[in-house]
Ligand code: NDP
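To begin, one chain is listed below as structure tokens, in the form predicted on its own.
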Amino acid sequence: MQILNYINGTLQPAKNQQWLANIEPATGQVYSELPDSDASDVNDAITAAENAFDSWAKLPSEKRSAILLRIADLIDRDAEFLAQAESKDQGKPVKLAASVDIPRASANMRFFATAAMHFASESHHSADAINYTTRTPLGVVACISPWNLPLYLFTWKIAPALAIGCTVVAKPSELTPMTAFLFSKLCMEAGLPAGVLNIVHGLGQKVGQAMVEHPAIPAVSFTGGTATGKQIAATAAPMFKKLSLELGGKNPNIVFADCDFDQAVSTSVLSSFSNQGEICLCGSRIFVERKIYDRFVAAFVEKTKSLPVGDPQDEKTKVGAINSAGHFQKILNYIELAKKEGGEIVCGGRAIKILGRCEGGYFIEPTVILGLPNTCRTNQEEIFGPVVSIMPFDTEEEAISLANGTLYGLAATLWTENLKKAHRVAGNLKTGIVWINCWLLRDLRTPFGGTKQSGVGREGGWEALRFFTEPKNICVKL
């Protein structure tokens, strides 16, 4: 089938009539094609968004909210179909897409649809004046989303922008375009006015770059790799654009001896290998207090070995296919690097063949590595796959130092039953998010993002709505 761009309310191919292959990761076979769009398509999308902006921004928030809520209802209606499509396009188990990705996409639309109606500005009173702040939508904004959680993160970006009154030119990953295409059809069915949301498919260096460098776009929201984030910043900063960059992570998972052991082990396995480890929040460096290190490793490895790897359509599958051939090879290269750096592979470490339908797919065993120093490349660079390293520590101070010892600072997980220790360690971790005795427990009202090379700015809640607005102070002398 052909995936199409969504520009000015209509579905259309790229103007150059060129196409890119879309491959199903579980089979390695082409199953659809998407437009190989370029700057001319982006320009058309921006023109459409500019033409739609005034009427959309002036529409009462209640009416914008009603349209976005209709889109959420349609996501719920088509949840099973969308989950199947997401699994086929990304490689994740259908069960995961059905329980996490698609419900979260609907929740994103609902949350921001209603949040925008409660968005308020500040006023400051003094003896001789009243200062009040207005916040108006920025205009046409660019939203660029990644391939690991396609519809989940696509809606996470566009929902606040649309809810607050911006019009959007969006680019989903060329590796996972399907659900964004299906979403465009739902927008048409829900009655979203033409030009309010425009979706341009294609390669980052052609479509994404054209969006970022266009003078009519004042703000860019991007989720993806740190290297791409640097390139976006290099283009956008001299143009003084607003940037929200959610980038890479090398997240620590700290396990103290006084933890709830069984819960720490089971959730750590989940936080290591969910979505094939292709989540920026996965804990890829596990630090375990030496008192329980051997016991933890044994239990962790046992649970990891029991994870079924296989066809994403199989309900029993826990670990599906790696998203692309290129990423598949990257992960295998890091496993070989870990061996060269002195690591001991105690579980996994190999590509595997799945018989039958998935014989040509990209599958890697969940991999556990011991014996590596925190400073080696394996423990410093983002692998973004089903690979974790487990290291011991002796003191609280050492655990904090090890956890903070990377260029990244997105998220951390902390396991202890000592309340004072939990607060103390969390306060000293240089990350944007800390989960204590849990993982990926999300409240959409909270700020989301990282420190250091994990990003710039925050998403979620009021932070997202503020990002897509321009504040103005008005002073009235009494």
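On a predicted model such as this, the values are computed, not experimentally measured, just so you know. Note that residue numbering begins at 1 and tracks the sequence as displayed.
One more form of this protein should be noted, the form predicted in complex with the ligand, which is absent from this view; the next part is about it.
- Of the candidate stretches 187-195, 221-229, 73-81, 264-272, only 221-229 contains residues with a heavy atom within 4.5 Å of the ligand in the model of the complex.
- Proximity of G283, T317 and P366 to the ligand in the model of the complex is absent: no residue of the three has a non-hydrogen atom within 4.5 angstroms.
- Shown alone here, L414 lies farther than 4.5 Å from the ligand in the model of the complex, counting heavy atoms only.
- In the model of the complex, the ligand lies farther than 4.5 Å from every heavy atom of D311.
- In the model of the complex, no heavy atom of P150 sits within 4.5 Å of the ligand.
- Within 4.5 Å of any heavy atom of the ligand in the model of the complex lies no heavy atom of G349.
- Listed residues G139, P392, P146, G343 were compared with the ligand in the model of the complex; P146 is the one with a heavy atom within 4.5 Å.
- When you look in the model of the complex, the only residue of G249, G361, P386, P93 with a non-hydrogen atom within 4.5 Å of the ligand is G249.
- Annotation for 421-440: no interface residues with the ligand in the model of the complex [heavy atom within 4.5 Å].
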